[in-house]
Structure formats: C-alpha cells, structure tokens
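Only one chain is included here, represented as structure tokens and corresponding to the form predicted alone.
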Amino acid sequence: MTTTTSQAGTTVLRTEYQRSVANYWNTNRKDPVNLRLGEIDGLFHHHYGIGDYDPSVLQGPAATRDERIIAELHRLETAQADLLLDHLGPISAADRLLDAGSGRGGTSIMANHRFGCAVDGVSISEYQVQFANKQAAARGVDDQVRYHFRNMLDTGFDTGSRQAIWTNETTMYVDLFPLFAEFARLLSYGGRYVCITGCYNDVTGGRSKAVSRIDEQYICNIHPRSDYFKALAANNFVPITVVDLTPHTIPYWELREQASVATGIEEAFLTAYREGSFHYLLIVADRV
C-alpha cells in the first residue's frame, strides 16, 4: 500500500533538498508537457524522447499542427521507454522489478504489459504516487503495479528481491554512491540495472552555462559522466552496454521547441547537446 502519512513524510524526506525536490514535483501538477502527451493513450511519462520525428507533422492544416506535434512527441517518449525495457534482459512473470523515481508511472505500466510481472515504483512526490496509482487502477493492473511514497536511497524493500531496476532521468537528484549501494542490496546476483540519464561531459570541464541552466530549471544536480562508472564499480556493478543517445534525442528537442507545451528550457538542452558539454546516456550494468 502507498504510505502518505505525515510521519512517513519525515522518514522519506530526510533533507531540506529532498523536501524542495518533492515540493517542486508536488506543485507542478498541471505541467502540460507531461499531461497533454499522456492524455493521448493514458501513458504518462516523466522523461524525454528519442528518434527522428516524422517531418509531416509540421505540414498539413495549421489548425491541427500542434495536435500532430504533441502526438509525435509522445511517440518519441514512448520509444525511449521501450528502448530502456529492451535492455532489462530476460524477465519472467515471477520476477519483481523496481522503477526508481517512477514519476507518473508510464514505464512501470509498460513493463508489466510486456513481461506480465509485478512492478513497484517509488517517488518522493506524494502527488506523483497518487496519480500513478490511479492510472494503474484505471487499467486494472493495480494488483501488480504499485507506486509507493518512498525514497529510492532507502526503499525498505527486501534484500535480493528484484531481478531488475531502472532509473529514467532521476539519478541527478541523488548521490550516486548510496543509490547504487541500495540497488546492489535489492538486486539478486546477476540482476540488471538500466539507467537513462543526462550527464555533463568531464572532458569539456565543469558544468557549462547551458547545463547549469538545466540544473536551475529542475532544481537538480547533474553529475559528471565519470561519476556513474565510479559509483557502479564501487558497488559491484559491471557495465555491459553503454550507448550515447545524444544524437538520438536532439530531434525530440527540436520538435518540442515548436510545440505549444514548450517551456523555454529547450534552448538550453539543445545548446548543451550540440556543444558537447552534455550527454544523454543509456547505461546497462549487471550486479556481480
């Protein structure tokens, strides 16, 4: 069951920073970027997209142009979630999965539909947890897909209880070393961790102006690329696949610039990606 008592809140949100992050996502309830896209098919994502967009969406009647762009953005976001799930490895219906930083829950529902297994999502946003549980109930999968008001640094789930864990654009809110220590505890030997994240490029130095702008917008703390591999190695994870998705996400941002749901942060993402100061990575690692 989802825990939402004030006592639980003090346990889950342990620092002022965590409380500020939770407040940000609790109060951004009507952000059209996620809501407009999710209303298309009831899959509400909290991440960005990959792949080339269909240029025909920019053509045709002006009155329906924005509607076509919204639908295409949602297709690209769903393609990103599909790519992540492609890398979870062999999953049986008896396995349990964890979506760490589950947002409004779309990827967890997709995982359950694909593998037929139980999925738990955790978020420090009570609003997101309530929203996602309503979506699972509406789809009739709330007996298998459950979202919890918990901290992914200390989930409270049983040791060795997970066959696979993923984070999708959520690691920039936490210290990677304790995060991967918790994941190592939760995964059985040989279990799989999949991460899609933005990270700044160590080769170009510290955070660029564009990367700092992204941090400011989302009150996050984007990590250098090298920290991911240091923290994985320190916690008995061995990367087996690393893919630079940067060129594959740029079309999404180029299209989003032209949508009614654009927020103004699109320019910072495009600048950071194009100048090479920011990378969009898929990292797949096994627990050994």
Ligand SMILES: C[S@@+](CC[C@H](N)C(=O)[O-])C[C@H]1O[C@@H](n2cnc3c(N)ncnc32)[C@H](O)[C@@H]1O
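All of these numbers come straight from a predicted model, not from anything done at the bench. Position 1 is the first residue in the sequence shown; the rest follow in order.
Although it is not shown, the form predicted in complex with this ligand is what the next lines describe.
This chain lacks the partner; the member of D215, D95, E169, D142 within 4.5 angstroms of this ligand in the predicted complex by a non-hydrogen atom is E169. Of the candidates R150, H74, R192, R146, R150 is the one whose heavy atoms come within 4.5 Å of this ligand in the predicted complex; the others do not. Although the partner is absent here, F183 sits far enough away that none of its heavy atoms falls within 4.5 Å of this ligand in the predicted complex.
In the predicted complex, this ligand stays beyond 4.5 Å of every heavy atom belonging to V211. This ligand in the predicted complex is approached by H47, whose closest heavy atom lies within 4.5 angstroms of it. None of the heavy atoms of Q163 is located within 4.5 Å of this ligand in the predicted complex.
In short, of 122-130, 87-95, 109-117, 199-207 it is 122-130 that has heavy atoms within 4.5 Å of this ligand in the predicted complex. Contact annotation for 170-200: residues with any non-hydrogen atom within 4.5 angstroms of this ligand in the predicted complex are T170, Y173, V174, listed in sequence order.
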